[in-house]
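The chain that follows stands alone, in the form predicted on its own, written as structure tokens.
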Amino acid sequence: MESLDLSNPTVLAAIAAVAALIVVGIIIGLVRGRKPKELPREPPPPPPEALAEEHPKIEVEARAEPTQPIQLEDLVPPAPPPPAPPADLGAFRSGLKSTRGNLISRLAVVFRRDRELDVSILDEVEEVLITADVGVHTTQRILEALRTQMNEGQLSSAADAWEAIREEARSILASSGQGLAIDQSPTVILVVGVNGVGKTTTIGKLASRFDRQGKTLLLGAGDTFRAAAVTQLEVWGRRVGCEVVKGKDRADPGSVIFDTIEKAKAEGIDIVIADTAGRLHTKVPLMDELTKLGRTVEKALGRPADHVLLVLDATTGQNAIQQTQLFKDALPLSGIVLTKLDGTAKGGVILGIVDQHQVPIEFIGVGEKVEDLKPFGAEAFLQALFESPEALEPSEDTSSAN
């Protein structure tokens, strides 16, 4: 084999060309070797049918269109349940049993089903309402409402007249039963009333109610003229677990209540309930002393008493309306507690008191137990009092009114 002549320029050029080609090839190979490798692709998920066959417990979402079209009524929300009966309705029914026999059963006779309505019926309604201690003022208001609706042709049956009386009573009681606001510390409740209506017992029951609500209490024995009242209040204090502030026998009631409020302010007490001496509402000097007591509370508290509750005995009937007027003249009454409602047929006086004096009923007493002092509820009262004639018990028929 002949040797290459390296001195020949043509040979050297050919060798250089071949070497250049080799270098280019090597560079291209290196570049291709650095290209990142593709990641393996995940296989596509199996169809739902295959998944269900492999795992029978997995339900496959149905893809078929619903066979029944959606109806418009299916989109309407269900009707709300009927309203629950008012709280303590049973207690109200029991407490108003005598009143219902005296008032409602007699109205049931007037509004018997087969009777045709005419103006003459109003005379009988007036007699029933007056004798049930509803009061002359309130009776005339109810009669005027009936007369107006009769003249306008709105009453076509006895049932309509019956409902019209119920609605007028609802309008009268609209402001009652709103509850006592306890939004000051201390909140001062001054309890007033004549002798024998149950003031001290009412204070004890109120204290027990507030204690169950987690309120701290302080009782003021302002009835310093009757030792038995102070002793009774101390018994309630021990039962509830709250302190009673008292003075010496025949001490100034104002000083006792002043000290009670000062103590409550110093100790951060929530509620002060102050007893007062029972007063004969016909005695002007005693009522003047009550006005003075109101000023003492304002001096100690920096504002008038938050609540002035008048305790009335339901068995006194129309006399309770007179008492309300005289106590209202002495102090700004904020509410009424009507006791002994279960022992009288004169419960209709509630309508007369509220209508004539615009003082709301806050509590009623329907028994001797602590829990028998009930917050007044207008709807429960109306439902229990104006029971439809068909719902009256046999013992509550018209014979009970005789």
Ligand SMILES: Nc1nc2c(ncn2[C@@H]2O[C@H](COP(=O)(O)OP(=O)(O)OP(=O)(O)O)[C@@H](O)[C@H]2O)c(=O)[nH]1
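Start at 1 with the first residue shown and count on from there. Everything numeric in this text was worked out from a predicted model, so none of it was measured.
Although not depicted, the form predicted in complex with the named molecule is the subject of the following passage.
The named molecule is not shown here, but in the model of the complex it comes within 4.5 Å of a heavy atom of T200.
Though the partner is left out of this view, G365 does reach within 4.5 Å of the named molecule in the model of the complex, counting heavy atoms only. When contacts are judged by a 4.5 Å heavy atom cut-off, R226 counts as touching the named molecule in the model of the complex. Although the partner is absent here, H357 lies well away from the named molecule in the model of the complex, with no heavy atom inside 4.5 Å.
Relative to the named molecule in the model of the complex, residues Q232, G278 and T339 are all within 4.5 Å by at least one heavy atom.
The stretch that touches the named molecule in the model of the complex, counting heavy atoms within 4.5 Å, is 188-196, out of 188-196, 206-214, 103-111, 147-155.
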